[in-house]
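Coming up is one lone chain in structure tokens, specifically the form predicted alone.
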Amino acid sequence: MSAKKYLPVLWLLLIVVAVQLATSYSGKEFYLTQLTMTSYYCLLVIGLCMVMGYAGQISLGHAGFFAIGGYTSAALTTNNFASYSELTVMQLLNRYGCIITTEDMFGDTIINFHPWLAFAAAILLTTIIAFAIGIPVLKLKGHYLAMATLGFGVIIYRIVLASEALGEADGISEVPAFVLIKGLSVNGNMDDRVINYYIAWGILTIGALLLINLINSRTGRALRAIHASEEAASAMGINTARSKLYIFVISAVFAAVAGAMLTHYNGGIGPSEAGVMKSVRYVALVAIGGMANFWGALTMAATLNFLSLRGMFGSYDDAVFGAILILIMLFAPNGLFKLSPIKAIRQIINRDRR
């Protein structure tokens, strides 16, 4: 039984390899660009699935965490920190290779942080903010919680839109490649398209394995109990506040990792990544796959994100995801994979009769 839970992961890896071989054989490797981006968005979605599907908490602010991860990593690797070079902490970081020093065309010194340090800072900042937001906000329930997390997302959007250090409406561009190890980096070079595809889906697979273990652990069972009835779970001795907070922080970190990686892959990030409609989209993807259906959420996130990135919905992109969310809430609140059209219609009719 313990090995059976990892079988879907094996299928995921086989599909990833099969897709890459098919695109290469057919001469359509350009699809790998959108598939790579899709995997990073999927990383956020599976983290949000844990919050919504297993802990029963609605979050409309995960685009904010995505933006925190992306913008922090981008700002630290692109802004010039030469004016702070005399600080002791900067000299210490330089000694351990955490600082990258170059010169511009005029011979002036440019000091940036190494992508690994920037990535660590992004994760740390996200964790701190998630704890600070989660402690008071997760005391709320239902639409009150949704409104509070939505407010957080709006705050992050306005900050990145108005901050000069974050590029304001233009965002941050020319973000350098993220060198993971020597000879292996996250970047948008066409020559590295295949390797970046495997890096992205490899990161997603690792994230999936971590969450599968969490779902099948004592913590996962506690989360399902909280979702079923928070009062009953508390009566059984489960620390509901701590459990909800921890899974909220974990999901926020997943969003930050996705944001940082996608920023280095795209070579930039803009304020649209922190927009409210992005958060609505992520909620819609979790809902259509099934609130507590991990693989359903991942499947629908991969499919719809890829279609969106390929421009299949055109200028109606946001409208499509908004409509999907409405339809799912009406006809298939448990997700598309548990949809029974006849039963759904009967439920609507019975609801109207009441």
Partner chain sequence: MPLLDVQLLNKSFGGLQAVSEVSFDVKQGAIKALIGPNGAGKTTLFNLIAGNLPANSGTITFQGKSIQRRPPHKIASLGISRTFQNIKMFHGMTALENVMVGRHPKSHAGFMAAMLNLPWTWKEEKKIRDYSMELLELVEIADFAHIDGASLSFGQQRAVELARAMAADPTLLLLDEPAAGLNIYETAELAKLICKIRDMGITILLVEHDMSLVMDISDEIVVLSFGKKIAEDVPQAIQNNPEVIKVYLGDDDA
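Numbering follows the first chain given and starts at 1. Not measured: the values here are computed from a predicted model.
This protein has a second form, the form predicted together with the partner chain, left out of what is shown; the following refers to that one.
- The candidate spot formed by L214, A225 and Y246 is fully in contact with the partner chain in the model of the complex: every one of the three has a heavy atom within 4.5 Å.
- In the model of the complex, S234 approaches the partner chain with a heavy atom inside 4.5 Å.
- Contact annotation for N187: none of its heavy atoms lies within 4.5 Å of the partner chain in the model of the complex.
- In the model of the complex, the partner chain sits within 4.5 Å of a heavy atom of I238.
- Put simply, R95 is far from the partner chain in the model of the complex: not one heavy atom of it is within 4.5 Å.
- Only one segment in the set 127 to 135, 169 to 177, 247 to 255, 155 to 163 has any non-hydrogen atom within 4.5 angstroms of the partner chain in the model of the complex, and it is 247 to 255.
- Here is the short version: of S272, T219, N79, T205, the single residue with a heavy atom within 4.5 Å of the partner chain in the model of the complex is T219.
- Among V194, V280, L210, A146, the residue placing a heavy atom within 4.5 Å of the partner chain in the model of the complex is L210.
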